[in-house]
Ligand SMILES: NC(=O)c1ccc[n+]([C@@H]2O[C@H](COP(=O)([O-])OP(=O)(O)OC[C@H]3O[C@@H](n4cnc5c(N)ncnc54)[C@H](OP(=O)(O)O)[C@@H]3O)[C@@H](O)[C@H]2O)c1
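In the form predicted on its own, a lone chain appears below as C-alpha cells.
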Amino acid sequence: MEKKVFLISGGSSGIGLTIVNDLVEQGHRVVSLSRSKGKIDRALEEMPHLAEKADFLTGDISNQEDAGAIYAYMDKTYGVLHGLVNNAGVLTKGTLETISVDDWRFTLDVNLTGPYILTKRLLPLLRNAGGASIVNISSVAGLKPGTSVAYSVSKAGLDMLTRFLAGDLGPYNIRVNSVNPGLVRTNIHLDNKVVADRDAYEEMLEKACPRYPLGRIGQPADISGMVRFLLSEASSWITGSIITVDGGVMAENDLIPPKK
C-alpha cells in the first residue's frame, strides 16, 4: 500500500488502537483521536512505540468546535486525508423503559452524530486525496436488536449513513463502507460500566461463546484486518457495503443439532 495519511477516531483503545498500530507498522502516518487524555496515556503505556510514530489528539467528535480544531490540525500538518475510520463509540444499557433520555442522546451523539460531524468537517481533506476511503465501525447490533435500544438504533443509523454517503461521495472517488463486528474483547463494556468488573466481563464473554459458530469471541485484530483491506486499493470497487465480521453470529441457527 502507498504510504498515506489516516485518522482513526476512538484510536486509543480496543479496535481503534489496533488499527492505529497496524497502519503505523505499514509505514503510514496515523492520527489517533480520543475524547480522553487518560485513555491516550493508557494506550501509550500499552504500546509505547506509538509515541513517536503516531499523532495522538484529544477531541469530542460530536462537538463542532472540536471537529473544527481537528480539521485545522490536519490541514496544517498534512493538507490531505486518505482514509478516515469512524471508530469512536459508546455503549449504554437499557430498553425503552429503563434507559434515560440523557443516555439515549449521549449514545446517538457519539455513535451517529459524531461520525456525521467529523466526516463533514474533514471532507475537503478527503477530496484532496483524489481517492479516499471512509470506514465506519458499526455493529451486528445495528442489524439485529441487541441489549441496548440506543446502541442498536445508533448503529443502524450509522449503516444508513454509510449507504447514503457512498452514493453522495462516490463522484469524488471517496468510498464509504461499514464493518459490523460481533462481540469483540475490548474495554468498551468496562469503560462504559455496562458490566460491574473484570470477572463479570469474563463471565459475559464465556456465556456468549456458544452463540458463535466459530466458537470464540472476536479479537481487535479480527476487525483491523478488514479495515486495512477497505482502506487499501485492493477494495477500490467496494463502496456502500455493510460487512459483518462476527464469527458467524448472524448466521447462528439453534435448530441445527450440536456437533459431537
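Numbers follow the displayed sequence, beginning with 1. As the structure is a prediction and not an experimental result, all values here were calculated from the model.
Heads up, the form predicted together with the ligand isn't pictured, but that's what we're talking about next.
- Figure note: of the listed segments 136-144, 67-75, 95-103, 170-178, the one touching the ligand in the predicted complex, with heavy atoms no more than 4.5 Å away, is 136-144.
- The closest non-hydrogen atom of Gly247 lies beyond 4.5 Å of the ligand in the predicted complex.
- In the predicted complex, Leu122 stays away from the ligand, with no heavy atom inside 4.5 Å.
- Heavy atoms of Thr162 never reach within 4.5 Å of the ligand in the predicted complex, leaving it off the interface.
- Although the partner is absent here, Ser235 sits far enough away that none of its heavy atoms falls within 4.5 Å of the ligand in the predicted complex.
- Listed residues Val149, Val184, Leu108, Leu81 were compared with the ligand in the predicted complex; Val184 is the one with a heavy atom within 4.5 Å.
- Shown here without the ligand, the chain has Gly10, Gly11, Ser12, Ser13, Gly14, Ile15, Gly16, Leu33, Ser34, Arg35, Ser36, Lys39 in 6-39 lying with a heavy atom within 4.5 Å of that partner in the predicted complex.
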